[in-house]
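Just one chain follows, in the form predicted alone, and it is written as structure tokens.
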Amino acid sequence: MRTVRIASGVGFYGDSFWPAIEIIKEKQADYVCFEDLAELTLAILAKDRAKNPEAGYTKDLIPSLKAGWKLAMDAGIKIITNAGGLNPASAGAAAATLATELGITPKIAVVTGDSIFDRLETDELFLHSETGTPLPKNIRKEALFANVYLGAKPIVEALRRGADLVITGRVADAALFLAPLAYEFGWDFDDLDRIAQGTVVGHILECSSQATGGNHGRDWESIVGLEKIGFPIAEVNELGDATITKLANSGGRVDEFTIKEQLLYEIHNPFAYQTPDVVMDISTTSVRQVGVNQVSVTSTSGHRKPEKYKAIIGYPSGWMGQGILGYSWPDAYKKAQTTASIVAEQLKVFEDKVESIRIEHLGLDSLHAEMAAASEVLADLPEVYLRIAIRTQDRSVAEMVSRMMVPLALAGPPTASGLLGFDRSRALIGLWPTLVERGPVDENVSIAIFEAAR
């Protein structure tokens, strides 16, 4: 039975792409899929595009292509990526320029149509997915982006048209990996079990090394070779049955537990995990060790896809101001507490503009808050870093936090050092989740295919 090998390229914007380059060098994949986008990523890209209209795609797209694209072309390996972010057209143009520099002539496909920004001017309600509240007028007016989570079908069409590189905007993570399987095996999207099985393969691969022992919660100390961890590779047959593995000379581990941990990652309902292509039921999925660093994944069930697409609307949501100041033994924690009280008191002058304040001690309670260490531990801490952050709609108020902390190096408790937070303020972007009808979105999906100049 014929098989297709699909590998993870990156698992998020900023991830290392070098394990994927090793897979390409060793010709151990037919497709490498770079999954760059998250809601946070769209917010970052929105800030980039605000500074430069030609920006808005991930900055690691061109470096990763420069490192491995020619090798991939020589090996017949196709690349799929959603690194186009908020500006797939500019990403495609940049890739075409690079291709000329590299001396290669790939077919490049750019998938657009995920943006529904122009529809914010209509009278559509865009009800909030959790509260049912209609989209407020101020968000409509100030929105920075509005994008639908597309499925795999446009990528399948791009591959049918001969694309060597497919660049998309906001496409659901697993759809990047489902698409080459549906294309290669000619799967009908009404064959729900196969589409679900292909989606579960994509879900396992989408977070790169999280499936090969990275970020592993069971016995993380026994994972060998994290300094050279490999990315997962799925060998999939026409039924959708998959074997997950990695390069033999790479670090990390592929076993039932690393795969199951990733399988459950972000799954809100294991019986009905909604994606644009299928509602996936992993209660039937079989995960079984079949060899060293080889895990079989089969038998996922599928139900009909949701009636609507999920969409996300990003909008300005005020400013964060922060400052970080360190204190050393003795009484490090008491010193930090006193400084926090001083700054909190000084911030009262802006009380009507400070929407929220967060006080935490790095290494002590910044993650666990009031559930942190017992009081007897606090008395003898060698050092504590105090972090104070506020949320406000006024940038000038946000910038006051770190300014207030600077004088306390002399005017506050002793041993203050290591003042951080000189960025002083950071724009915050709020996210409005909603559902939209499929028809108008599908009508606007466009696939542009062009070849780089010789």
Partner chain sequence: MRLIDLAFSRSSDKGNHCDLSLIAYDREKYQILVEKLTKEALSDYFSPLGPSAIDLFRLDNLSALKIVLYNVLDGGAANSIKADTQGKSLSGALLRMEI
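Note that this is a predicted model, so its numbers are computed, not measured. Numbering follows the first chain given and starts at 1.
Keep in mind that the form predicted in complex with the partner chain is missing from the display, and what follows is about it.
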item	value
Option touching the partner chain, based on a heavy atom within 4.5 Å in the predicted complex, out of Val156, Ala332, Ile116, Ile282	Ile282
Candidate from Leu125, Leu264, Val292, Ala379 lying within 4.5 Å of the partner chain in the predicted complex - any heavy atom	Leu264
Contact label in the predicted complex: Asp48 to the partner chain, heavy atom within 4.5 Å	no
Glu227 within 4.5 Å of the partner chain in the predicted complex, heavy atoms	no
Arg358 within 4.5 Å of the partner chain in the predicted complex, heavy atoms	yes
4.5 angstroms heavy atom contact with the partner chain in the predicted complex for Phe257	yes
Contact segment among 411 to 419, 53 to 61, 381 to 389, 396 to 404, judged by heavy atoms lying within 4.5 Å of the partner chain in the predicted complex	381 to 389
Ile77, Ser250 and Glu307 all contacting the partner chain in the predicted complex, non-hydrogen atom within 4.5 Å	no
Residues in 317 to 345 with any heavy atom within 4.5 Å of the partner chain in the predicted complex	Ser317, Met320
